[in-house]
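Only one chain is given next, in structure tokens, and it is the form predicted on its own.
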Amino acid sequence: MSGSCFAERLEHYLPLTPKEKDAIARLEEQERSYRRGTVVRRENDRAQELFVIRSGWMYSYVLLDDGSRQILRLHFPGDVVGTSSAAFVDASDSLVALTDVKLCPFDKLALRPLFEHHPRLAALMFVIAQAERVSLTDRLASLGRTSAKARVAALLLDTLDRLRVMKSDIGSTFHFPLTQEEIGDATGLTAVHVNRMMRALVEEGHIERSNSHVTLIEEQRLAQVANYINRYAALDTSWLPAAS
């Protein structure tokens, strides 16, 4: 992908000025490659770097007292990962390459001039962070109050909606490279239970599966099954300051 994929993600919500694009591009001047399964940063490690994903998928997770893993969030191209740790000296979660990935690391000190000289960018990043926070709150409610089928369905819908931020013409079929164990760690289910729920979604005509690809048949009907709300479709940017 040429240019800044982070800028491309931001422009889904608001056209950026050349100065704003240049400021964002400076965060992506370096690039590192990681193979699937690589732990890029561990929970409680020193958290000085953040990362822009240029290609591939990642996930963040925490380990629980019993040794089990809770996947908190999937991360896609254009995402900035590690932002939660900008508030702390040590990392609050671990970051893992779900597929082969290319990352652009940058020191969190690089955010200071961005916020000082480009307040509109800072405000837009704040708005997106709030959408992500509400989406995470939705998942928390889903884990505590909805059925296993609804949890899996919500994960599929959330993945597709977030992929569409960077590729609006993606349609209803998308690559979904998670294993059953990884889906379980994201939804609080065992791998066996995940397998049953995926089969049930297929048998009930909600989805189709082919190797590592998933097709959502009727997204609106599936959203009702999952009690799911798309938090990325329309964000209010009317209050943002003028471009610098």
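Predicted, not measured: the structure shown is a model, and the values here were computed from it. So that there is no doubt, residue numbering starts at 1 and follows the sequence shown.
Keep in mind that the form predicted together with another copy of the chain is missing from the display, and what follows is about it.
In the predicted complex, Ala25 stays away from another copy of the chain, with no heavy atom inside 4.5 Å. Remark: Gly56 does not count among the residues lining another copy of the chain in the predicted complex, judged by a heavy atom distance of 4.5 Å or less.
When contacts are judged by a 4.5 Å heavy atom cut-off, Asp65 counts as touching another copy of the chain in the predicted complex.
Mapping the unseen interface onto this chain, Thr17 falls outside it, with no heavy atom inside 4.5 Å of another copy of the chain in the predicted complex.
Picking from 152-160, 170-178, 76-84, 97-105 the stretch near another copy of the chain in the predicted complex, with a 4.5 Å limit on heavy atoms, gives 76-84. Residues Ala122, Ala123, Met125, Phe126, Val127, Ala129, Gln130, Ala131, Arg133, Val134, Leu136, Thr137, Arg139, Leu140, Ala141, Leu143, Gly144, Arg145 are the ones in 121-145 with at least one heavy atom within 4.5 Å of another copy of the chain in the predicted complex, listed in sequence order.
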